[in-house]
Every structure is written in C-alpha cells, then in structure tokens.
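Shown below, as structure tokens, is a lone chain in the form predicted on its own; questions about how it binds or moves come after it.
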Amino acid sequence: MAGSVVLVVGSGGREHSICKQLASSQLVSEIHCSPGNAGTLKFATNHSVSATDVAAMVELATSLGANLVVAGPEAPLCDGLADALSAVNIPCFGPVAKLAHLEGSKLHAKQVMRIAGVPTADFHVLDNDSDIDAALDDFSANPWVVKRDVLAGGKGVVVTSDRAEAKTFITSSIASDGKVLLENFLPGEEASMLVIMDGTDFVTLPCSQDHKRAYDGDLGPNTGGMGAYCPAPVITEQVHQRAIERIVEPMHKYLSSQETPYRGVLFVGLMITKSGDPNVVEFNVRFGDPECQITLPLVSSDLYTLLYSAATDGLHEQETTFHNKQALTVVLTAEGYPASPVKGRLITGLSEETIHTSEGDMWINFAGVGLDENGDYISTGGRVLSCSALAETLEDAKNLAYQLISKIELEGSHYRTDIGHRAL
C-alpha cells in the first residue's frame, strides 16, 4: 500500500483532522481534499469540486488515481458517492446510499433498530392525518423530542418542555417533509461511540462526549458542537461492554448481511441511563465533528491502514492500537452563531503546527477558515476552528486547549469556557 493516493471529501474541521492524521502515515504519498479549507492546505492539495457533486468527485478521484476516497460529510454518501466509486473500482471509506439512509432518515434508522433488536426510545410517526395532541399526551411526562425525517446537518431536532413549541415544530415539519418523528424522552447522559466496520469485523474507537449548547452550563441554542473530550468517563467498562453486546454487535450483524456490507464509520449517539444501560439516540454515517478532532489523535496505529482496510473488507486482518491519553477540543465560533454567523473577518494568532510542551501536544483544526486576497486568514463559517490538545490527564488537555484558544483573535467570536465539565 506504500505510495498511496488519498482523496478526502469535505471542507470542515473533521476533514482537516483526517488529513492531518493521514499525513503521518508512511503509506501515503499524496493527500488531496475537495473542497478543503485553509487548514487542509497544510497537508493536502485542495480542489474546487463541491462535496455534493458526486459525478465530478468520482471524476476527480479517477483523474488523481486515488487508492482510497474518505467521505467526510454525510450528504454525498446519501447521494451515492460510495456506489459511484465502486462502479469504477475505487475503494470508499463510507457506506453505499442504501446504508447511509441510517442518517438520511430517522424513521429508517428506527425501523432498522427494531429489526436488529437495538434499544432506543419509543416513537410516533406523525403526518397530516395524525392526532398531534394525543401523541403529545402519550409522552407528556418528560420533555418532548421532535425529529425531522430528513438530512438536517444535526439541526433537525427540537427538545422542549413547551407544548406549544413542540406542536409548532411538528406542524411545520409535516408541512415541509410530509411526516415527523415524536420520540419519548430518554433521561440520562449522552456520549458518542465511533465504530469502524466492514463486512468482516468492527473496531470501536475511544468514546467521547461533546457539548451541543452554545453557552456555558449547557445553556442556549443547540449547535453543531462547541467542544468535546475523549475518552468519556461515563462510558465505564461495564457500559462499554453492554453497548457492544446490545448495540454494536447486532448492528454489525445486520449491516454486514446486506447485499453490500457497511464499510466506514458508524457514529452511535448513546444515552446512558442512571442504571448504566445504553440506548441509541441516533446513528450518523460519518465521523462526528468535533468528536473526530479528539478521537483520531488517540489512534496510535496507522490510520490509512485502518480506513483502507474498512473500505476493502480487511478489518479482520488488522490490529488497531490506541494511545493511553486524554484529548479535549474547544470550538471558536463566529459572531451570531448559530443563527446568522458573521463571515469574512480577519483571524490572528493562528498556528498550523502541533506545539509540543512538557504537559502534552496542542494544535488547531481549521473549519470555517479561508484565505483572503492578501493571504491572511479569514472566517468563512459559523464554527471557525477548534483548539485541541492531547495530554496524560484531561485537566492538562483542557488547560493546553484553552491556553491555545486564548491567543486567537476574531472580532465578535465566542467559545465556551467549561468544556469537559461533566468529567472534571
């Protein structure tokens, strides 16, 4: 596999992290990223093909002689990127469209979980003919959880104790999508498990926890993620074993039995009850963002080997190893995020290098970062970047990440000051 050419699809912090980790592989000679960002430029050649233009992406992969395509976001997978690459014999780390539907449709994911016997919350499917008030009454003992049955970039969910708000979101979702899911609320603590799988085997990466709310104390609007840490102490050895037995093994058995097996990463959003029982909140068919930024650096074995093996049904022949360390990342967001982020502002104090200290390593993952006509860094998205660190203890990792983010200046920007508070 030496001298391999890899094409990474996407443009965010997740893709920057993937490129950064692949760059340390002795087996990779070229990394390409499309469309990429100012951070992926450090490790890869950027291209202007949109992540959602499947035909053009396949053409690019072919012209580059790519040995592996790594899909970052979910949309191209749902649109058939893996299927199209398979047709031209290019391995893809990411499932075919039929299996990517696990993220594309919340209802489909629920139906698969019922078939596989995986624990998840009870739910109603509501449409124009449904009695919305009766359905709300069924789950009235807790906050209501309403989920759109479409790809919504992690933003199609409302959790509320306000009946009027729940009903309004249900009504608008039915109007736009034809149907919507109303779920029973599962109390407990959330965590994320990333599972690399193919038709032969699976590998679980260290579990993490992220912070979705915009402000300290888990207050404010939901976001794509304001920070994360890994491993998550809430995933004890007992909880982990239960998750493997009750969720991962049944899902792998189901997904590997399909006409084309699942090849890629299955993101398992967990809710752990007080009794230590894991339930599935959702599935995603790609690395989480920002979970990816603090999970991949914990992989001590070769990342290219892991991803290529999963794309070619070779996981059963590989041994994946991990660093016994702690990682934490803090996200810097633009003014107005998440509602209407201000873009195009100058960013100063950035470093693209990994900084080694006596406590550990710290680095920056670029997300919504571009270059202006003068070659200066500017903000191009809502989540602009994340400052990450790897250390022997979570406390050290947190201190290093915050030390790094304190040096960055972006007018109107915001970040949470309590990432890791559940563990610390």
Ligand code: AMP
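The first residue of the sequence shown is number 1, and the count goes up from there. Quick caveat, the model's predicted, so the values are computed rather than measured.
Here the subject shifts to the form predicted together with the named molecule, a form of this protein not shown in this document.
Worksheet item: Does the trio Val157, Phe185 and Met271 actually contact the named molecule in the model of the complex, every residue with a heavy atom within 4.5 Å?
Response: Yes, the whole trio is in contact, each within 4.5 Å by some heavy atom.
Worksheet item: Counting only heavy atoms and a 4.5 Å cutoff, which of 160-168, 340-348, 274-282, 94-102 contacts the named molecule in the model of the complex?
Response: Among the listed stretches, the partner-contacting one is 274-282.
Discussion item. In the model of the complex, does Ala121 come within 4.5 Å of the named molecule, counting heavy atoms only?
Written reply: Output for Ala121 is yes: heavy atoms within 4.5 Å of the named molecule.
Worksheet item: Is the gap between Val145 and the named molecule in the model of the complex 4.5 Å or less for some heavy atom pair?
Response: Answer yes; at least one heavy atom of Val145 falls within 4.5 Å of the named molecule in the model of the complex.
Worksheet entry | Contact flag, Lys212 vs the named molecule in the model of the complex, heavy atom cut 4.5 Å | Result yes; Lys212 sits at the interface with the named molecule in the model of the complex.
Discussion item. Is it the case that Lys106, even though its partner is missing from this view, gets within 4.5 Å of the named molecule in the model of the complex, heavy atoms only?
Written reply: Flag for Lys106 set to yes.
Worksheet entry | Partner-contacting position among Glu190, Glu352, Asp138, Asp218 - heavy atom within 4.5 Å of the named molecule in the model of the complex | Contact check passes for Glu190.
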